[in-house]
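A single chain comes next, written as structure tokens; it is the form predicted on its own.
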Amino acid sequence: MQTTTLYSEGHRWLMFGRDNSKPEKIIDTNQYMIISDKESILLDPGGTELFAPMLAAVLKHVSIEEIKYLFASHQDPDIISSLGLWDQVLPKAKIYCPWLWEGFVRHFGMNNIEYKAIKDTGDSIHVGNIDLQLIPAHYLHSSGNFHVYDPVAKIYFSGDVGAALETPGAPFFVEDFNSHIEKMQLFHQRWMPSNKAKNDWIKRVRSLDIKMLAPQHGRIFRGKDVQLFLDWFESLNVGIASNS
């Protein structure tokens, strides 16, 4: 499991991914951890198959007692099927997840961790010295879906929005936006079902000051590439791809 630091001015953002030892047919995912004043939160901590390398990676930076919170953007197994294992090592933690998916997410196993249901309109999480905003992103692609915005670091965790299907060992950051489009287009056309929901989300996030847009698959967008992505996504007709 590789690690890169996205931000380290007062608090820290770390990204974990590009695990060379993961099974070949499991989609590559990005996991994130935010650390502030001896508290930390894991964003979309991943599937069961990645639990062991993820735990080893995060413990290089924090003690197990400092992991106070988990966040799951939605219910998919690549997001949170490791929950039953985190439940054993983090019995006093809390998980923030959409209210809609509680009865489903609990199937992954949750006897100890406290479920904090996110209402449809959003919420916030206080971690250490920072307040993280939970931004509604319904139907992108899950019917109950949220993102996380850090207004201090100006990093926006975008879940499946901005995701790309990459070859093993791809860089952490977008290097050429135009050549990156082919890695994103089919994914967004197939997995994002609603142009209305897409445009509502774009209107919402354009009001935020975002320096990095960090998806759960693929590469991170920085600087001008954030706006290039929003412009591209706004013009894309979604919910149209098929196997035919």
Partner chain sequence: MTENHAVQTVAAARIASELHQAQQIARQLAISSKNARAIVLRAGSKAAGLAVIANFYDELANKTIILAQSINHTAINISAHSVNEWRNSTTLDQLAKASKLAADAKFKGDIDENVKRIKIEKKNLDARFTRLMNELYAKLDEIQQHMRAIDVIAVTSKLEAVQTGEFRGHLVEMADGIQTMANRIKEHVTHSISLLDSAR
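Numbering follows the first chain given and starts at 1. This structure is a prediction, so every number in the text was calculated from the model and none was measured.
Just so you know, the form predicted together with the partner chain exists too; it's not on screen, but the next bit is about it.
Student: With the partner left out of view, is N178 within 4.5 angstroms of the partner chain in the predicted bound form by any non-hydrogen atom?
Tutor: Judged by the heavy-atom cut-off of 4.5 Å, N178 is well away from the partner chain in the predicted bound form.
Student: Can I64 be called a contact residue for the partner chain in the predicted bound form at 4.5 Å between heavy atoms?
Tutor: Yes, contact at 4.5 Å.
Student: Applying a 4.5 Å heavy atom distance criterion, does T48 contact the partner chain in the predicted bound form?
Tutor: Yes, T48 sits close enough to the partner chain in the predicted bound form that at least one of its heavy atoms falls within 4.5 Å.
Student: Quick check on L208: any heavy atom within 4.5 Å of the partner chain in the predicted bound form?
Tutor: No, L208 stays farther than 4.5 Å from the partner chain in the predicted bound form.
Student: Looking at 209 to 217, 178 to 186, 191 to 199, 53 to 61, which stretch has residues with any non-hydrogen atom within 4.5 Å of the partner chain in the predicted bound form?
Tutor: Partner-contacting stretch among the options: 53 to 61.
Student: May I ask you to choose, among T167, T121, N111, N129, the residue with a heavy atom within 4.5 Å of the partner chain in the predicted bound form?
Tutor: The option sitting close enough to the partner is N111.
Student: Since exactly one of A163, L85, I125, L100 fits, which has a heavy atom within 4.5 Å of the partner chain in the predicted bound form?
Tutor: Only one option qualifies, and that one is L85.
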